[in-house]
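To begin, one chain is listed below as structure tokens, in the form predicted alone.
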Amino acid sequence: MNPALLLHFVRQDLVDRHAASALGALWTLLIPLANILIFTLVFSRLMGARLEMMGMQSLGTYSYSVYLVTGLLAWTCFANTVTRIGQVFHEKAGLIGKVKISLFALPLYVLISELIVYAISMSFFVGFLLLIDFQWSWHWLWLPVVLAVQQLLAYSLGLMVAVLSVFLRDIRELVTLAVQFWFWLTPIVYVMTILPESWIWLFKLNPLFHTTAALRQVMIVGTTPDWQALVAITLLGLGLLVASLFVGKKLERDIRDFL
């Protein structure tokens, strides 16, 4: 895809999110800021939540908020990428029918757009961490690597959903339901210590279990993530991407006809 066209799609996607509102694109900044304030103030101040986590620096009242936001921002980026890419062919059906465009590069604008929103949210979160005298570690340099592994999986899965949803319209509802279950199978709002020991192996089959744990290791605990798990998830994402492209190429003519 032409880079200029891709950037146009990204810009238009960010603008179109709140095009009908008075503040327009400003909401792209205000919504992440509001979320950060809710997570950090409500969960910490009003609920008085605490989190005792081995190896986690003492953050007092804000321990749980930092734990929660670290996982929730990344999860939101992942979930939005999967669900939005899954419907991108339907949303751009008019364009696909008029312009010869790569079906499999088209979803890149969604990936980039969601990463921009994540970066905006993270910038507010970093500002909050500065205010509470958070102790930084060089392990934060792992953050882009972990996020890249997560989003590779998101893009690959979303692309497969996009291909299948052209022929199976119920896929959209199934994916929405699956993402809701997936959220609760990932330790975002809870810690694994509350689960029975016999269940832990089942949760470890979830790739997002490992990426979320890796993010907290590098951002909160200040240690190197489990690189073996990250390599395994990378291989899973690449395998799914190859499968999605293979199936998509085989069905490309049918996809364009159905749209």
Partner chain sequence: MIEANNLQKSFKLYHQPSDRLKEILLRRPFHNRHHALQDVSFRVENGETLGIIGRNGAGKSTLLKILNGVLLPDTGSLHSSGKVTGLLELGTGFDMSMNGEKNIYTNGLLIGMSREELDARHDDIIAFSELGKFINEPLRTYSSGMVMRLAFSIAIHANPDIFLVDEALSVGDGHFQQKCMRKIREFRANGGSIIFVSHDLNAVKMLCDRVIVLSDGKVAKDSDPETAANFYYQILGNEEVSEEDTVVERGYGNHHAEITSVTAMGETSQCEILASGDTLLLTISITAWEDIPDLTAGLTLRDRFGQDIFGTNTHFMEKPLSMSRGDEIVVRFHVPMMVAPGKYTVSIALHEGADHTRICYHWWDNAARFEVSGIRGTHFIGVCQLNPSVEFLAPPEVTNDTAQQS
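Residue numbers count along the first chain shown, from 1. What you see is a predicted model; the values in this text were computed from it and never measured.
One more form of this protein, predicted in complex with the partner chain, exists but is not displayed; see below.
Please tell me which of Met122, Ile96, Leu157, Ala79 lies within 4.5 Å of the partner chain in the predicted bound form, judged by heavy atoms. Contact with the partner chain in the predicted bound form is made by Ile96 alone.
Report yes if any heavy atom of Val88 sits within 4.5 Å of a heavy atom of the partner chain in the predicted bound form; otherwise report no. Outside the cut-off, so no.
Interface membership of Leu168, the partner chain in the predicted bound form, 4.5 Å heavy atom rule: Yes, Leu168 lies within 4.5 Å of the partner chain in the predicted bound form.
Looking in the predicted bound form, any heavy atom of Leu14 within 4.5 Å of the partner chain? Leu14 lies outside the contact set for the partner chain.
Considering only heavy atoms, tell me if Leu240 and the partner chain come within 4.5 Å of each other in the predicted bound form. Answer no; every heavy atom of Leu240 is more than 4.5 Å from the partner chain in the predicted bound form.
Among 96-104, 124-132, 138-146, 175-183, which stretch sits within 4.5 Å of the partner chain in the predicted bound form, heavy atoms only? Heavy atoms within 4.5 Å of the partner chain in the predicted bound form occur in 96-104.
If we check the partner chain in the predicted bound form, which of the residues in 232-259 reach within 4.5 angstroms of it by a non-hydrogen atom? Contacting residues: Leu251, Glu252, Arg253, Asp254, Arg256, Asp257, Phe258.
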